[in-house]
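Just one chain is shown here, as structure tokens, and it is the form predicted alone.
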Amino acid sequence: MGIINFGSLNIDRVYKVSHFVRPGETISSESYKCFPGGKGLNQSIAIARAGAKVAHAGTIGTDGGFLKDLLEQSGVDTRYIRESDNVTGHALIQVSEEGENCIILFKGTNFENDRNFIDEVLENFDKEDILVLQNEINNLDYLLQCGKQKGMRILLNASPVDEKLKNMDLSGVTWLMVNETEGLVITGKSRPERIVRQLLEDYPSMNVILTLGTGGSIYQSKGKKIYQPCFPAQTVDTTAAGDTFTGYFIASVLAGKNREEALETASCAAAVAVSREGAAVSIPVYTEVEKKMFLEKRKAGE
């Protein structure tokens, strides 16, 4: 079985600020840094650093060659990445003193993935292979349709959520990753248990993973419910936390871990990531996650 991540490739421009800029306000940033990013790139790197084999598909501009280089250095198969003459997708990110982030995305080449390109990539994958998706590229609805028709197992991280995604057919999705805000937009429900209940009413065969920030995460399917507490962490930057969680979760599933173990590993990896600055550069390798899990369990006397 293989994993193909058809996802975004971004350049992240990060500004450290005392607070998020308000309407009509001009502020100076305390620092500026440029990082590789994009939810797709972050998730592919997380999958690879967790020890799984993953191929990445997407489009970069002439300014995005270093993104492909980083993926290759991280162990990701980049044969399905195309280059365009246009500008690579990028993000302007404000990071507050509390470590929270506020992001503006520019689509760029992430919205140049045409249907012919998608068909060319997916013809190399079969039933039961895993298709990882986010909502930072175009033709997401077509990717969902193709993955379902091929019998692939689909993991969708419903971020960034919008009305278009809300109206897509998610019946082919095997694992849906959402936070409370995304769950509210998709279901119209605000409480975690109601979000999950509504999703499973609409899609009974789906596995829902609802992340709750410092409140941990909930996994629920038709016959199973698991609560995973958040691992303790000194939060510096939450930018890639969800992507790290997603990548480590699906890599753990592919490695044969049960759902409890996959959630625990993903939660621990996310805790390591938030303790560091940046997106892709903050994602830990598996030995770091193992070490943190061991130390935290020893503290707890397990």
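Residue positions are given as counts along the sequence shown, with the first one as 1. Because the structure is a prediction, the values reported are computed rather than measured.
Keep in mind that the form predicted in complex with a small molecule is missing from the display, and what follows is about it.
Comment: the small molecule is not present in this chain, but in the predicted bound form one of V185, C102, M168, L105 has a heavy atom within 4.5 Å of it, namely L105. Residue-level contacts in the predicted bound form: of A48, A240, I60, I250, one residue has a heavy atom within 4.5 Å of the small molecule, and it is A240. In plain terms, the part of the chain that comes close to the small molecule in the predicted bound form, with a heavy atom within 4.5 Å, is 88-96 out of 219-227, 75-83, 175-183, 88-96. Using a 4.5 angstroms threshold between heavy atoms, N42 counts as touching the small molecule in the predicted bound form. Of the heavy atoms in G64, none are within 4.5 Å of the small molecule in the predicted bound form. The small molecule is not drawn, but in the predicted bound form it has a heavy atom within 4.5 Å of A279.
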